[in-house]
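Take a look at this single chain, the form predicted on its own, given in structure tokens.
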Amino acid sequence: MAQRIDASTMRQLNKATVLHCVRARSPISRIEIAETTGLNKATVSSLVDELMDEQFVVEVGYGHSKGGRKPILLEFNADAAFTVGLDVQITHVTTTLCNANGTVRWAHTVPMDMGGTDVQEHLLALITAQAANAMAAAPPSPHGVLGIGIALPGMVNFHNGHVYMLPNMGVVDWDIRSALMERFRVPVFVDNDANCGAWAAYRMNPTTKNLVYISAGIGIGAGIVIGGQLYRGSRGVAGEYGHTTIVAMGVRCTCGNYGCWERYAAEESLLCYLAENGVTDFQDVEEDFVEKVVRAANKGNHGCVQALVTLGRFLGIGMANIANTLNPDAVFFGGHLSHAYKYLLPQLKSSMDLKSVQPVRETPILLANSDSVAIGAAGIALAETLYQSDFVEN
């Protein structure tokens, strides 16, 4: 049965479409908006006037005439509003303040130290403090901070903000969104970190409408964009490739399964491969662990190079599985392990050649922006508050 949309809802959808069009194609005239969106000229004119009153759109001069009066050009006012994005990882939390165009205006990273503390209470306090700092850093604007996006390393239901499991933090069954909503006067949105990274990768590469973002660090997850929209699955946990089995009788994982991809291609795995190659300088996975291994490899440490080679082979197996099942336009490689991209990429490509079917072997494996997850979290908050629609496409 078709869903009926009333006039008010339709106007909001049309307004979001016009705003997105101006944002994506500035500078642009009213007539060009009508031609691009298919809306009639009167509707476009009325909606533009409303957006100008709200200061999301401004006039910036005249375009070229095709006969008659020169058209007035419009531009998106990116600093009319801001959103906050937090990337919560096992070792650190990165917070960004982004304007309405996704440009970072403020960013800060603090270490995560949960030793001997209640994990949930510690996370709530840390997230609250960092989000408040970002909001305080927002410059004066017509609309201030519209919302907060939180990216978590685990299984999260975006629609209700419920955490099923943060396997590497020991957290299960937690209504974190409700707890955060009590602390802020703006909407809060909670999603998986890889989903946030995928959304940022898509917003930075809008013509790449089918992509996978791999977040590889202490854990591994994948964010999936299909047709320009995030795919989360029926319960919000699509993309948990880190917990797919690549070794049938393998090592036990924190999720309870055996032989998970995450157990062979994450930071703890690198620590094991270092020990197997006689490198004993690293005893634990600390915040700058990967960077230290890369520096040692750059100085010619053969054991570090070989450990990275082994890690890359296992990462490549998982990427080949993803390419075989989803056939994306590109795979974006992010997370802490992406700091070793130059050592891992040859192995990723080699595994793709060996393990994937011929039509997907040339799938590009691209290095993601280092702040993709935090930027994506802010971007999801922007899409849900400013556009108030299901991610209006270009």
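Not measured: the values here are computed from a predicted model. In this text, rigid core is short for the largest set of C-alphas that superpose within 1.5 Å between two forms. One rule holds for the numbers: they count along the sequence shown, beginning at 1.
The same protein also has a form predicted together with the DNA, omitted here; what follows describes it.
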property: Location of the DNA contact in the predicted complex, chosen stretch of 30-38, 362-370, 331-339, 345-353 [non-hydrogen atom, 4.5 Å]; result: 30-38
property: Heavy atom within 4.5 Å of the DNA in the predicted complex - the one residue of Ser26, Asn327, Gln55, Ser45 that qualifies; result: Ser45
property: Option touching the DNA, based on a heavy atom within 4.5 Å in the predicted complex, out of Val104, Ile72, Ala179, Ala125; result: Ile72
property: is_contact(Gln358, the DNA) in the predicted complex, heavy atom dist at most 4.5 Å; result: no
property: Threshold 2 Å Cα movement between this form and the one not shown for Val190, core superposed; result: no
property: Core-aligned CA displacement of Val18 at least 2 Å between this form and the one not shown; result: yes
property: Rigid core fit then Ala222 CA moved by 2 Å or more between this form and the one not shown; result: no
